[in-house]
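Take a look at this single chain in structure tokens; it is the form predicted on its own.
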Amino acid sequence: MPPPNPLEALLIRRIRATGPLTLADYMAECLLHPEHGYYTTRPPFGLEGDFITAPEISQMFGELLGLCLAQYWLDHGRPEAFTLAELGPGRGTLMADVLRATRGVPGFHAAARVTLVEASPRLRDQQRSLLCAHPVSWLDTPDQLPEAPLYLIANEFFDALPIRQFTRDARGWRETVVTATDRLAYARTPPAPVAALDYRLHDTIPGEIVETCAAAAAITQGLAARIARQGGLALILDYGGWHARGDTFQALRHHAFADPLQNPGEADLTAHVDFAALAEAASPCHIRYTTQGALLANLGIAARAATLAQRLDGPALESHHAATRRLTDPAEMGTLFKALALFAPGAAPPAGFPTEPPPSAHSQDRHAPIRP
């Protein structure tokens, strides 16, 4: 048996000393350990990384979302100074596309205070290089965002926040934990009541799995409170569903699924986002919810794709059509990825979203997706 990698050895020693880790603790160590964490030691994005996000697939993604934010700014008083923010901006591609698409909107750039929430020094350097033409500020955490009207995008940010996982039992809930002998392994705690999951008793049966993310709820509460006080709009796009259920904890390495317990710190760890939980945390803001494919279609991706296609031919044109399908097709990202809008009470919904709100977060729904 090969020896464990450095982070695995550290985790095994920790587990032997203090007991099993929750999945949340395990994810935090694997992703953010200062010496061996995934995001602190390697470039995760693009062909040379382990996954490709929507902004890396096509410029149209960021352009359309940027124009959505700008139109909302125009329709809601054109505040003279506002925060234009992104959570988890990767290499900066999405914000670069947002800024390029909105440069013709009168007054938008002059009023925008571009702010990136990014803790990784490595990624900050990449963002600084790409966005060098614009004044940019960096923050470590979302709770540091200033008190000002907030126009924000979070794309594939919430899926990497640490989760806890519970399996329903006739006598309560059993939590999935990470234990160890010579190697890391899963185990489940004895069944016990979990008050925070009482509302899931109506839509689950014994044996079904529910995942929770305290960090996602806390961040959403903070964003909603700012928007309720100051105005603005938050666009959250990620993969998941409404009342998501099932084992969605997963690892991606070299653009393929991997065992989350193998090679800790060397693979991206994520889980599907429960958008109903985000919606519940977003009070007192109003919300709208739809699929990524429907949102991009409503924002005009077909027309934008046709315009870009006029300047392309051969392999470049084929790649462009493939990128459009990947973003919008139900068999690809179109329905697996969802979009949630948070906006102030009394304001109209943003462009591209339904006019009516989704069901309440505690309503019955047994149709949320699990891992593909």
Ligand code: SAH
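Given the structure is predicted, the values throughout are model-derived calculations rather than measurements. The first residue of the sequence shown is number 1, and the count goes up from there.
Not pictured, yet referred to below: the form predicted in complex with the named molecule.
Of the candidate stretches 290-298, 119-127, 183-191, 239-247, only 119-127 has residues with heavy atoms within 4.5 Å of the named molecule in the model of the complex.
The three residues Q165, T212 and D274 each lack any heavy atom within 4.5 Å of the named molecule in the model of the complex. Between the named molecule and the residues A234, L161, A96, A281, the one pair within 4.5 Å by heavy atoms in the model of the complex involves L161. Shown without its partner, this chain lists F157, F82, W173, F108 as candidates; in the model of the complex, only F157 has a non-hydrogen atom within 4.5 angstroms of the named molecule. Within 4.5 Å of some heavy atom of the named molecule in the model of the complex lies at least one heavy atom of P89. Using a 4.5 angstroms limit between non-hydrogen atoms, T328 is distant from the named molecule in the model of the complex. Residue contact with the named molecule in the model of the complex: L32 places a heavy atom within 4.5 Å of it.
A residue is said to contact a partner when one of its heavy atoms sits within 4.5 Å of a partner heavy atom; G66 fails this definition for the named molecule in the model of the complex, lying far away.
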